[in-house]
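To begin, one chain is listed below as structure tokens, in the form predicted alone.
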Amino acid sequence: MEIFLTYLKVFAVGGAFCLVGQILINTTKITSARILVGYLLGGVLLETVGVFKYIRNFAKAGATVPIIGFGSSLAKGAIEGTLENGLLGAVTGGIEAVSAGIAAVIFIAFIVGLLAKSKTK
């Protein structure tokens, strides 16, 4: 029963993030790219003020998988890098924190590019 409640929390929080994004797309003239950047910056802001750890503990993958989790990881790495290496660590720490995710996306996109057939309209 506990695993069901965990899945429910993950789905509810991840779905709420998606619902807010869809409402913004449908009701405003904000482009999808700007909403995406807003979510990224929201994750950075929530991590910076220390709120995202509570969201992460509650929602687990529902909070870390969407782009808001990427922003949080980027900010967390930048903060840790700054504490260890100063100003240069702010850049390198953020890149190190998200490098595995970026590498995975590039690799998967390469594989899909090899397997998929492009079509013209």
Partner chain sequence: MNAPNEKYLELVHGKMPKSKHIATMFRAFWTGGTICAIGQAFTDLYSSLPYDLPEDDVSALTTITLILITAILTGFGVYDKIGAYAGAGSIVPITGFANSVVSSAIEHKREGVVLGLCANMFSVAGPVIVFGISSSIVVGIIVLIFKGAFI
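Positions refer to the first chain, counted from 1. Predicted, not measured: the structure shown is a model, and the values here were computed from it.
Separately, the form predicted in complex with its partner chain exists; it is not shown, and the next lines address it.
Student: So, residue 55 and its partner chain: in the model of the complex, are they within 4.5 Å at any heavy atom pair?
Tutor: Heavy-atom contact with its partner chain at 4.5 Å: absent for residue 55.
Student: Would residue 1 count as a contact of its partner chain in the model of the complex, using a 4.5 angstroms cut-off between non-hydrogen atoms?
Tutor: No, residue 1 stays farther than 4.5 Å from its partner chain in the model of the complex.
Student: Spell out, yes or no, whether the shortest heavy atom distance between residue 41 and its partner chain in the model of the complex is within 4.5 Å.
Tutor: Yes, residue 41 sits close enough to its partner chain in the model of the complex that at least one of its heavy atoms falls within 4.5 Å.
Student: Although the partner isn't part of this model, could you tell me whether residue 51 comes within 4.5 Å of its partner chain in the model of the complex, counting any heavy atom of the residue?
Tutor: Close contact is absent here: in the model of the complex, residue 51 is far from its partner chain, nothing within 4.5 Å, heavy atoms only.
Student: Can you name the residues of 61-75 that have a heavy atom within 4.5 Å of its partner chain in the model of the complex?
Tutor: Stretch hits, in order: 61, 62, 65, 66, 67, 70, 74, 75.
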